[in-house]
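To begin, one chain is listed below as structure tokens, in the form predicted on its own.
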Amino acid sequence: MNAPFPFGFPGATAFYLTLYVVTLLIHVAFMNYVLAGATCLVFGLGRGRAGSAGNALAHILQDWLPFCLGLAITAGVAPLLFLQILYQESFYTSNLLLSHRWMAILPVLIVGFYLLYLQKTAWLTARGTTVVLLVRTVAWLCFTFIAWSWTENHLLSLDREGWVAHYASGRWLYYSPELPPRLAVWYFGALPTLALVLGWQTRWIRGESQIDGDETVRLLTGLGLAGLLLTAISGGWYATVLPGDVRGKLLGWLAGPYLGLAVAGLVIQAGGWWLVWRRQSLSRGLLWLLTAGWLCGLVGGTVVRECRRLVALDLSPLEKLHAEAAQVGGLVAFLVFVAINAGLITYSVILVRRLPADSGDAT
């Protein structure tokens, strides 16, 4: 591990590691929107006066959350498949050890999915604010449970020495000192993503001249900066609970360059949001600056996350299996269906974009 990710691995292993991270990045982007969006609907947006900026942002979230959850689920299939090729034993073992508790994420996900659709209905709005908040809270709890479950499963997969004791105890829950800070990093890291996407969506819906100096600018700036600060604090907390040898390896050649990229992304985003605040503007140039910083942070953070796993697990016994899997084929079919799905999703977005113009509804 004396080379930056993924260059220190044999060709087939490096190929699958790269595909895994690239597809995971797409999933994470949509997942961030859903997790942070469901959180903001419970703890802030949508409870102001009629016509307020907060209510307008809540209306956008209610419209787009079900669609983005569908995208997150669709985009999650590919990294899940690559995960099973790369880390067969650790992945399957953690799933089996968590047993029914792990499988509970499926019905919980279905409940959360339908509650997002329910929030779009006039029927729910007519029930009053208490019922609306109750539905939002249950949906938020569903997605929080899923985020916690994935974090728990991931950490259990790394704890090979603890598998026997966990099985013997019969527990359905697993705890590691890494669990709270790791979950916090991903949870708070979702907020800047949401602020950025809402910025693009608001500009797309209302136009730049309609949002400069608006309360929307202040809300999104606060959301973005708060998310960045909490993510940085959580990242520092996570570093303190990592074993010393793991921390040292993550600062080395394997993950060090990507850790620097992640930090640079946070700094660029913080500077971008500060400029948005100073100018009271969500101009196209500032949004592109924020997008560049967000990409740096997302790529750097995701690769460092994977390197934490690579430090804990020895992939050398699986390298032969990776090479055999690479000979099976199917890459062309995979790329064709990726292109078809991307085209269909883009066409759906275009249809949604045209619909408000025809109906006269701004959102």
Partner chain sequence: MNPLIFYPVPDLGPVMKGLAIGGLAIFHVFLAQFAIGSGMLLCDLQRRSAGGRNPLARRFSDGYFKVLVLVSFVLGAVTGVAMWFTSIQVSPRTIGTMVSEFHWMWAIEWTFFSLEVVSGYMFYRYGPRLDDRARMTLLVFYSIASWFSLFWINGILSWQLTPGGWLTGHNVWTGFFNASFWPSLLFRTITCTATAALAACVLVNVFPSVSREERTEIIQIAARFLAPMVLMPFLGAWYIAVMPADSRGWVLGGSIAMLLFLTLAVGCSTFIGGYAVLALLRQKLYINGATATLLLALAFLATAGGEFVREGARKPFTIREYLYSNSIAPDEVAHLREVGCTSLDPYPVPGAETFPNLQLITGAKVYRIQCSVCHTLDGANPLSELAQMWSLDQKRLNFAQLQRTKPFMPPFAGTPAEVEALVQFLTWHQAHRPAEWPESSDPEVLQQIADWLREAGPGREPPGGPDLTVAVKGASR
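Everything numeric in this text was worked out from a predicted model, so none of it was measured. If you superpose the two forms and keep the largest set of C-alpha atoms that fall within 1.5 Å, you have the rigid core. Numbering follows the first chain given and starts at 1.
Another form, the form predicted in complex with its partner chain, is not on view; read the next lines as being about it.
At a distance of at most 4.5 angstroms from its partner chain in the predicted bound form, all three residues Tyr16, Ile73 and Gly329 contribute at least one non-hydrogen atom. Gln280 falls outside the set of residues with a heavy atom inside 4.5 Å of its partner chain in the predicted bound form. Contact between Val42 and its partner chain in the predicted bound form is not found at the 4.5 Å heavy atom cutoff. Its partner chain is not drawn, but in the predicted bound form it has a heavy atom within 4.5 Å of Pro66. Using a 4.5 angstroms threshold between heavy atoms, Thr93 counts as touching its partner chain in the predicted bound form. Put simply, of Val138, Leu275, Leu179, Ile105 only one has a heavy atom within 4.5 Å of its partner chain in the predicted bound form, and it is Ile105.
Phe113 is the sole member of Trp200, Phe113, Tyr238, Phe145 with a non-hydrogen atom within 4.5 Å of its partner chain in the predicted bound form. Stretch 105-113 is the answer when you ask which of 105-113, 289-297, 180-188, 245-253 has residues with heavy atoms within 4.5 Å of its partner chain in the predicted bound form. Shown without its partner, the chain has Trp150, Trp163, Val164, Tyr167, Ala168 in segment 149-184 as residues with a non-hydrogen atom within 4.5 angstroms of its partner chain in the predicted bound form. Core-superposed comparison between this form and the one not shown: CA of Ile345 displaced by 2 Å or more. Comparing the forms between this form and the one not shown, the C-alpha position of Phe334 differs by 2 angstroms or more, with the core used for superposition.
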